[in-house]
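The chain below stands alone and is given in structure tokens; this is the form predicted on its own.
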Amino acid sequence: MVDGFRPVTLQETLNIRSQYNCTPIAGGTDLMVQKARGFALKPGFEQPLLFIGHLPELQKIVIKNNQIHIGSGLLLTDLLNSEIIPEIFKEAVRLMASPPSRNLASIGGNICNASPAGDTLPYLYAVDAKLVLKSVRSERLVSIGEFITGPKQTALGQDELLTEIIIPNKIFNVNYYKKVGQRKGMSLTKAVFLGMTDIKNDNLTDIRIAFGSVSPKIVRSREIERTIVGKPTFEMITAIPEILAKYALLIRPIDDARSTAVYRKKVSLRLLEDFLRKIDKEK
């Protein structure tokens, strides 16, 4: 059998994390696949498991100071059922995996898996999500961009635990989300595009654009976004070629079993163009 710990409280969890090299596990929908060794064989975990999916401290979802605080152990199904989660975020979650998997998988697990194809990540990058990392010695707040340092790599300390995700309690005027895969449901991601904008008096007052599965990390450029903010909506059509050219330099996909780099880049830029054309139609 695989060795492990099943603490009762968050404090006990942090104490164990400070004393042992162990692998936190909630639903295990990513980890069990990564560590699988074949039929009827136990998974190949090198370290004891630290079970955290049952901890009540990690199950909360509340609004404080106009921000939504989400416990890292919250199930994807619970995100979908929450009345305070923005619908555009729910759309991303709704297209993840299968209902049974969403009943096991946690938002914290999807973040810590740090996959460029992680379905929750484009939205979290777009809204500048903050993550609470706790240990027995400290608590720190980092941005999602600082936390994920590369494919499958994070800034999580050996004794730390991701306990909370904080996002703005905000809904944008125009929301656009597209996931490209082999089929509509239970599909592995070829490419993901998310766009959100606020419009006031026919002017863009805010815009967020993020691409998934087309680079080692989620692609988001605040610099390009700043060049778009302030434009009248009727200027979007003429600005599209320049915007596409800028993002084309940032999108650097790879060939793999899911898709080709050429296809990923082409479809991503087409989705961006479709989003920008949608803005042009908004009044």
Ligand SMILES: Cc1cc2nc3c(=O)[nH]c(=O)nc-3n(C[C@H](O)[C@H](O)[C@H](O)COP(=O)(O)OP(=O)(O)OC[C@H]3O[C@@H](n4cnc5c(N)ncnc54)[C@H](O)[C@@H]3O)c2cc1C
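The shown structure was predicted, so the numbers you read here are calculated from the model rather than taken from an experiment. One rule holds for the numbers: they count along the sequence shown, beginning at 1.
Just so you know, the form predicted in complex with this ligand exists too; it's not on screen, but the next bit is about it.
Chemist: Just one of 154-162, 81-89, 123-131, 198-206 has residues with a heavy atom within 4.5 Å of this ligand in the model of the complex, so point it out.
Modeler: Only one stretch qualifies here: 154-162.
Chemist: Within 4.5 Å, heavy atoms only, which of 148, 105, 194, 191 is in contact with this ligand in the model of the complex?
Modeler: For this set of options, the contacting one is 105.
Chemist: Report the residue, out of 68, 228, 31, 251, that has at least one non-hydrogen atom within 4.5 angstroms of this ligand in the model of the complex.
Modeler: Spelling it out, the residue with a heavy atom inside the cut-off is 31.
Chemist: Tell me, yes or no, whether residue 25 is in contact with this ligand in the model of the complex, where a contact means a heavy atom of each within 4.5 Å.
Modeler: Residue 25: yes, in contact with this ligand in the model of the complex.
Chemist: Spell out, yes or no, whether the shortest heavy atom distance between residue 96 and this ligand in the model of the complex is within 4.5 Å.
Modeler: Contact with this ligand, yes.
Chemist: Should residue 143 be counted as a contact of this ligand in the model of the complex, where contact means heavy atoms within 4.5 Å?
Modeler: Heavy-atom contact with this ligand at 4.5 Å: absent for residue 143.
Chemist: Can you tell me if residue 113 lies within 4.5 angstroms of this ligand in the model of the complex, counting non-hydrogen atoms only?
Modeler: Judged by the heavy-atom cut-off of 4.5 Å, residue 113 is in contact with this ligand in the model of the complex.
Chemist: For the stretch 114-132, return the residues whose heavy atoms include at least one within 4.5 Å of this ligand in the model of the complex, in the order they occur.
Modeler: The stretch touches the partner through 117, 118, 119.
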